[in-house]
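Here's a solo chain for you in structure tokens, the form predicted on its own.
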């Protein structure tokens, strides 16, 4: 495996030193692409280990100290660590899962690792989550960041796109060449590396690997971590195994009805892959590859015309193209924005027309106002909104269509748009399994007008930002069984 096989668009060097000649091993510092397949960063690390003839150490870290760290998010990642640990037993590399017991431990571990490593490869990600902030750019070792986020490299664009249509047109002009540049599905196949049985004793003593019980996500062990224990784990199981099973089920049983039923809360026809994509338990490349294989697709079927249309460019079935518009266009549009806009979560990052119309109506009388605590406890007057919030607090997700209504009503029921944004971010990042994801920020800001256009007639509170109501939503989609499932008397 040649280290030069990684596109320069996916590679950035934080510390431009040559590989350390007397280094003991190559390190893959795993923080975002938490998987052993379809992973450009892992592929790069294997390439370095082969070239330098050194052992490969994969250190998957889970940091604490983040504002929204909780049993829910830690538990999901830990379940993935169990999968990786089992899979790595058959691979010629040492897997070392490390979970912080107090903030700062990962940074000190990284410093110690940097002293002994030939080169360190880590994940590139456009949001600075706690585990990504553990990389110390001043370490005395070559540090490379590799982008494994989507089909389009983050640095293939030089701007943030204002609409999905504009980004889709760009994709149709440029994505063809990148579709052939996929990571290895099984990067350890036919790879022979020197083996390191254990980490050095000094590292084992100061930074011992995660215990078996902690990796199992047992509540008694999670309770010892300095995270929020008021947000419990969910029944959705994390990890690459569960992600691949979810993908297989979706393609076999739900894809065919996806265009007709994806917006129906009662149908359960969405892919359910969002949390797995967020934590890197599955790759967008793997999802695309499996879909393309099922469709009998090849790049020759791509259309020459680049009109920005949602349909027809891929040369796949209607259902497959509807799903790809979510997986590629909308998901990677969020990554594009976060890559080019450092204040992606700031109210001021909204388009000027949104800020102007919301400011004009900021003092409009609200029919109801609620505190963040009342929203969190589903304590509003609106039964459908409360049901969506209960789904979020209990299951860690909201049905895609109702998520839009959820945000619009928070805008309507708070004192002003800035407060509405703060509450949406707080509730989403606290309770959603895929909180703090570029795609989830896209959804939140869409409710305030990002990626949209002005809509008439001009209304109180909303101005020309698109309006939604629970009454109209209940007429458009079936919500009867959804309301019964998430009503207060079910709790």
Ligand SMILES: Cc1cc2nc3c(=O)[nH]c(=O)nc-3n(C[C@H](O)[C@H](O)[C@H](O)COP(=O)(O)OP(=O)(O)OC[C@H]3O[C@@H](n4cnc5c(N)ncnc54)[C@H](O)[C@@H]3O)c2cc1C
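Computed from a predicted structure; not experimentally measured. Numbering follows the first chain given and starts at 1.
Same protein, other form: the form predicted in complex with this ligand, not shown, and the subject of what follows.
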| item | value |
| --- | --- |
| Listed range touching this ligand, judged in the predicted bound form by heavy atoms within 4.5 Å, from 112 to 120, 329 to 337, 299 to 307, 168 to 176 | 329 to 337 |
| Three-residue site 380, 415 and 470 fully in contact with this ligand in the predicted bound form at 4.5 Å by heavy atom | no |
| Partner proximity in the predicted bound form: residue 271 to this ligand, non-hydrogen atom cutoff 4.5 Å | yes |
| In the predicted bound form, residue 133 touching this ligand (heavy atom, 4.5 Å) | no |
| Contact test in the predicted bound form: residue 403 vs this ligand, heavy atoms, 4.5 Å | yes |
| Any non-hydrogen atom of residue 31 within 4.5 angstroms of this ligand in the predicted bound form | no |
| Contact residue in the predicted bound form, from 444, 58, 64, 50 (heavy atom within 4.5 Å of this ligand) | 444 |
| Of 452, 69, 36, 434, the one that lies within 4.5 Å of this ligand in the predicted bound form (heavy atoms) | 434 |
